[in-house]
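Only one chain is included here, represented as structure tokens and corresponding to the form predicted on its own.
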């Protein structure tokens, strides 16, 4: 199917039409920041944003989620049964993150019914990054500002229009039935190509990360963990803003014979995360917790899933209150291992 285009002036009409069939989640200005929220009648989307503070993974995996309700009459599941979902305007790094998370939530042996109930009914419209931020490093990790991994439909901003390129069969099927879209011209395609080249050339050339996993294997007791952890506050903004972190806690809340079981995001950066009932904590120091975070992203996830558990969105870089830069750490790991002759 050919690439189609939508005039920017018709965007809100397009989204309103989508809302008749789908629950449409799009970037919206709320409390001074851009967040992915379900569009309400008359509410406008914001597509000229650089990156949302909070990743859109909570559309499939809410920060706080009731898993079931229980009482004297038995159990009641709370899996999503609403309208199919459109997630509109997701940046390429976040679209790719869904693929990584599905290695966990929809793996062959165990399937998370809460994730599946939402994800299987969702169309992903990802939006190319014409102007990557200085903190972005998606190109380090097999991504890029125009990467289409995880997308059903890929959108490119070309001045007065948006190009819509079908990526998946679901995306192609959907676009074939939309009358408001027109066929893109060769000039439109050229504009998109130029935007892609500009965006990619604006990013730093990525280092080779072939030895990162093996380097981490040799640096378990290296002093670099002490050095970086001295700055860490353990605030967990890095994990809560991360599109690929998925740790959670489960709690029951009950009163007068009725209750709910709740799943809520947790973080390996908190002391309580690994504290046992006996009072013992196998990760008593911030050094140990920080090491766990980096090892999981760049060692354990690679070992289990065959790729890094990071998409280079740069949120942890820009939001860390003490300016811990994961890119500098990666470089330090490789250089330290090379200096010891381990790579």
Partner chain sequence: MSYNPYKPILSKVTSIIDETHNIKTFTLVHEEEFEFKTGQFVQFVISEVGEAPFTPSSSPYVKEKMDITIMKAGRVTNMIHTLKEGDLVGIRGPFGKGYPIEDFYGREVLILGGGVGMAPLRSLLLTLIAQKDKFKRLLLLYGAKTPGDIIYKEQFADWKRQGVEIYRTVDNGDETWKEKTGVVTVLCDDVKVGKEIAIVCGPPIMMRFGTFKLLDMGYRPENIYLSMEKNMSCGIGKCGHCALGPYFVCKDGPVFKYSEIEHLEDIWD
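Keep in mind it's a predicted model, so treat the numbers as computed, not measured. Numbering follows the first chain given and starts at 1.
One more form of this protein exists, namely the form predicted in complex with the partner chain; it is left out here, but the text below deals with it.
Worksheet item: Are all three residues 276, 296 and 300 in contact with the partner chain in the model of the complex, where contact means a non-hydrogen atom within 4.5 Å?
Response: Looking in the model of the complex, the three residues 276, 296 and 300 all sit within 4.5 Å of the partner chain (heavy atoms).
Worksheet entry | Among 22-30, 47-55, 278-286, 314-322, the region lying within 4.5 Å of the partner chain in the model of the complex by heavy atom distance | Comparing against the partner chain in the model of the complex, the contact stretch is 278-286.
Fill in: 4.5 Å heavy atom contact, residue 67 and the partner chain in the model of the complex
Answer yes; at least one heavy atom of residue 67 falls within 4.5 Å of the partner chain in the model of the complex.
Worksheet entry | residue 113, heavy atom within 4.5 angstroms of the partner chain in the model of the complex | It does: once the partner chain is placed as it appears in the model of the complex, residue 113 has a heavy atom within 4.5 Å of it.
Worksheet item: So, in the model of the complex, is residue 292 in contact with the partner chain at a 4.5 angstroms heavy atom limit?
Response: Yes, residue 292 sits close enough to the partner chain in the model of the complex that at least one of its heavy atoms falls within 4.5 Å.
Discussion item. Can you tell me if residue 194 lies within 4.5 angstroms of the partner chain in the model of the complex, counting non-hydrogen atoms only?
Written reply: Outside the cut-off, so no.
Discussion item. If the cut-off is 4.5 angstroms on heavy atoms, which of these, 214, 176, 223, 77, is the one near the partner chain in the model of the complex?
Written reply: Here the answer is residue option 77.
Practice prompt. Could you work out which of 180, 99, 250, 230 is the residue within 4.5 angstroms of the partner chain in the model of the complex, going by heavy atoms?
Written response: Only one option qualifies, and that one is 250.
Worksheet item: Mind listing which residues of 250-264 have a heavy atom within 4.5 Å of the partner chain in the model of the complex?
Response: Counting only heavy atoms within 4.5 Å of the partner chain in the model of the complex, the contacting residues of 250-264 are 250, 252, 254, 255, 256, 257, 261, 263.
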